[in-house]
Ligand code: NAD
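Here you get one chain, nothing else, as structure tokens; it is the form predicted on its own.
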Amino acid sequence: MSNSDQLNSSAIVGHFINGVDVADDHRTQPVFDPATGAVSRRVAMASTATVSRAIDAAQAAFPAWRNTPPAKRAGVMFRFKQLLEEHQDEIAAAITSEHGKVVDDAKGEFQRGVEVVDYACGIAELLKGEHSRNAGPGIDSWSEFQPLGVVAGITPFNFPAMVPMWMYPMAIACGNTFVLKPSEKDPTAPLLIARLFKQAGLPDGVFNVVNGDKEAVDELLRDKRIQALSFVGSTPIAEHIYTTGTANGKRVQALGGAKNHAVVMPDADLDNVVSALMGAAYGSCGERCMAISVAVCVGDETADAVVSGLKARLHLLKVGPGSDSGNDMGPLITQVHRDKVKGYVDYGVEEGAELVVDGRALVVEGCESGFFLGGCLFDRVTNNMKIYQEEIFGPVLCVVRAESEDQALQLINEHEYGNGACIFTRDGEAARYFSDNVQAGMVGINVPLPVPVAYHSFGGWKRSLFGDLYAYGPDAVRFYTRRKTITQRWPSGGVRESAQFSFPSGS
């Protein structure tokens, strides 16, 4: 019986602690199949005691794992990567069944997570410190990077495989032990992956998964044994996590919300722009922190052409169950979230935006109870409207009209979020000016979703990130380690020295 069969035949999805599955029926809540609206299983909400048990396991495993040579840790990562690739279809199917995204999109998410594991395989090189011989007379000095201890991650529903893999592969490769609290809305993929990590040879207790809600999160924030915490989610929760975690002495990186803008210049290849916006706005039903939710068109002629092209393409958008790879877009993850997104569309109409394409009445044949919403397109949106100001996190694209590149930049730079932004143009000068002056952490030039590859780092500006360091890539080594600088001298020749009262220097 496969891992997924074991999960699917279980009444309750539990936790993975100290290398074994742990049942916990303290409280449960339903997990839905978003395509049908049916309850597919139930997931346990970890009690404070269960979270503490996971931290106990991680704390006990830390000394031995800390002292495991980085090359041996890398060996585990290499085997883990191989197992992940062998089980890609199984994990992608689990993502689709609980999140709803089209299976090809699920595989794409999964592969981007595996890329971080691949980067972690080079940990022996990444942890090399710096050495200076004869920094002073007969004195050598060097720095090294030491792990923190037990660290934790709290991750969102929209990328149940990829976002957790932004965190724990690098944390564990650096010598830490890890407690993951994934989203309770789609808990299966993280548990499947945890079992594969054990199969790759990871010692028990190094990686633990606890499902839960606020009770579990509060315990991770309170427990003094958690040295650092990484979070991805909405800005209000990110700010709470950062404020509470740092107040409790933890190192925290908390990635928050976004309102990603795409600036379309008059000289852009508009056919390619429309294709790019379709994928960036409506892929994964818009449930991406890097989704393009605002297209700022410079000039009315540009805006008219983009809106016309999008309108035509939206009528051809194939919406249905994610298990059918012929579909372009699946359902939203829950009925509550679907209704919230529909509410934003209602707000936009009330505020006076022009609803060019209305997806609220969409019904998918055979899936009438699924959480579907058709692609929605607004034109003539202004920056004082709620649909412009707030992150909608659904298949809704707002077109804003601007008179110049400077005006478009001003819109982006005045927004509270600064996650990602992109520009479509054939003009190198305009592109360079945009990339130099836009206040966003990730910038695309004719690239709508500028998500950095695994050997760079992911993060936004302004209220899209709380903390100083980005996720994965080189920043992950800095976040999950402490630098220690060591200076040593061995007296030689039997020379007896007098006391020195002046501050030591290298002269």
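Remember, predicted model here, so these are calculated numbers, not experimental data. Numbering starts at 1 and runs along the sequence shown.
We do not show the form predicted together with ligand NAD, though everything after this point is about it.
- The putative spot formed by 214, 257 and 391 is fully lined by ligand NAD in the predicted bound form; each residue has a non-hydrogen atom within 4.5 angstroms of it.
- Note that among 143-151, 365-373, 77-85, 177-185, the stretch whose heavy atoms approach ligand NAD to within 4.5 Å in the predicted bound form is 177-185.
- Residue 155 is the only one of 302, 155, 284, 293 with a heavy atom lying within 4.5 Å of ligand NAD in the predicted bound form.
- Here is the short version: of 278, 398, 116, 232, the single residue with a heavy atom within 4.5 Å of ligand NAD in the predicted bound form is 232.
- For residue 458, a non-hydrogen atom is located within 4.5 Å of ligand NAD in the predicted bound form, even though that partner is not displayed.
- Not displayed here, ligand NAD is kept clear of residue 402 by more than 4.5 Å at the level of heavy atoms in the predicted bound form.
- Although the partner is absent here, residue 96 sits far enough away that none of its heavy atoms falls within 4.5 Å of ligand NAD in the predicted bound form.
- At the 4.5 Å threshold, heavy atoms of residue 289 reach ligand NAD in the predicted bound form.
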